[in-house]
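Only one chain is included here, represented as structure tokens and corresponding to the form predicted on its own.
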Amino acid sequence: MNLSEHIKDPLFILLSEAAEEMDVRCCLVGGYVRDIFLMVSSQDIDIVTVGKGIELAELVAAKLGKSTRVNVFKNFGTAQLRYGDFELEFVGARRESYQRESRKPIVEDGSLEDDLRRRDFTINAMAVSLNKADYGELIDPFDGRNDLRKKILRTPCDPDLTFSDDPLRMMRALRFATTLQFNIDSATFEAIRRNKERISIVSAERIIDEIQKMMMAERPSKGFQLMDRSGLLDIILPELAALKGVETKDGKGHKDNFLHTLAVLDKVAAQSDNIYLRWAALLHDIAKPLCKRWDDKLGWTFHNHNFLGEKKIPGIFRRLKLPMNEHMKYVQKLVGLHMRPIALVEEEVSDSAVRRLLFDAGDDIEDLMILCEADITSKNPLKVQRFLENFQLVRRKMIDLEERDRIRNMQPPVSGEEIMDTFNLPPGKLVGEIKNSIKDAILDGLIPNEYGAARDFMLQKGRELGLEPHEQEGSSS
């Protein structure tokens, strides 16, 4: 099969000319070739040569012009360069062997087929010739094209050896299955299950990189279902695995919180590309196993699971090597608040409660509402409809109150400095008490969010606390 119609860019012609000058076998390999069949555009180009990979990269850079810089990694026998939107990596064909305690291979020069055999999956073990004699010809020794057609992930050689040598490939299998919506060949999947403990030699940074890519899939739940079936979930995210199962007492059972969580995750993914909103969906019920209680009147309860879940987020992020910054705080906030809108729709939707929700959620209120609406996964369509209609009522109240009271990200109109100046107070708890009372009065609708009303309330609160306004120098007597 010839794919020359798909490699007509002048860059590929230049690569071919450089290979001819050096008289070296040169091919496109890996993801770029796979993506031709998937009809996906790709900017990452992997080039394999039978010898002289670094030298070819240097010649190509010279042909591209002085502004093209080559980064050489002699320890790995690779070279990289950037040209426009393309990122090119050059490597000489090689065979690899591994020591049990390490993912770092022992590398030897090899043939093109040796190089393709060492790759993770058959769909990534295809090559396209860039040499003039057979330009565009597909090289597919492991039938990767057929596996692409059947949407199957399979290793080029013994899967036990593949995953034992480089256990990160297990996570890559789950990631490709999730992002491409492929199935994993049964023998390959069984090898993942047998080798799951080998994941312990892989750094958390490499694992989370694969999970992050899974999280951005159209249906990320598939990746976590595969992690569960393979046994990797218990090792990597045991808190999520602990959500599995249903306990029954007196004929009453609770929902399977693992399956519920994955349903919420997919519903959020259908509405938002925000990866950290997706993380909030994945972790929103993470503390339920710790809060599960039986109540003779209510049945199974999970009181305060949102607050305990909020406290667990930093530890989970730290262990997984997720960013300990505003992204973590955002997930914390959404997990902590995710029961608030639901509580509103179950009770009377008061202006005060909506104001407080707007104040606490701030600019993240829309993301919180997406999460909460996704959290309604009942199989009773009438119940779902009732909840969603009540959420619309909450949304309408939010719009009305925000336009009228400007609550989101509100700072009380009277500052702490003004309180101190007015009552001649030093910094301390009393100043904070007065400032919070002004904030609460606004949120409860007792006074409008305006300076004059807030100052009058401050003076009244001061009198209740036995404080007299301090006369400023120069004021009239």
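Computed from a prediction, not measured in an experiment: that's the story for all the values here. Sequential numbering from 1, following the sequence displayed.
Unshown form predicted together with a small molecule; subsequent notes refer to it.
Non-hydrogen atom contact F224 with the small molecule in the model of the complex at 4.5 angstroms | Contact with the small molecule, no.
In the model of the complex, does H327 have a heavy atom within 4.5 Å of the small molecule?
-> So H327 does not count as contacting the small molecule.
Check whether H260 has any heavy atom within 4.5 Å of a heavy atom of the small molecule in the model of the complex, and answer yes or no.
-> Heavy-atom contact with the small molecule at 4.5 Å: absent for H260.
Closest heavy atom of D364 to the small molecule in the model of the complex, within 4.5 Å or not?
-> No, D364 sits far enough from the small molecule in the model of the complex that none of its heavy atoms falls within 4.5 Å.
Since exactly one of F176, F142, W279, F317 fits, which has a heavy atom within 4.5 Å of the small molecule in the model of the complex?
-> Exactly one residue meets the criterion: F176.
Tell me, which of N124, T155, S230, S129 has a heavy atom within 4.5 angstroms of the small molecule in the model of the complex?
-> Contact check passes for N124.
Choose from 328-336, 77-85, 184-192, 166-174 the stretch whose residues reach within 4.5 Å of the small molecule in the model of the complex, heavy atoms counted.
-> Among the listed stretches, the partner-contacting one is 166-174.
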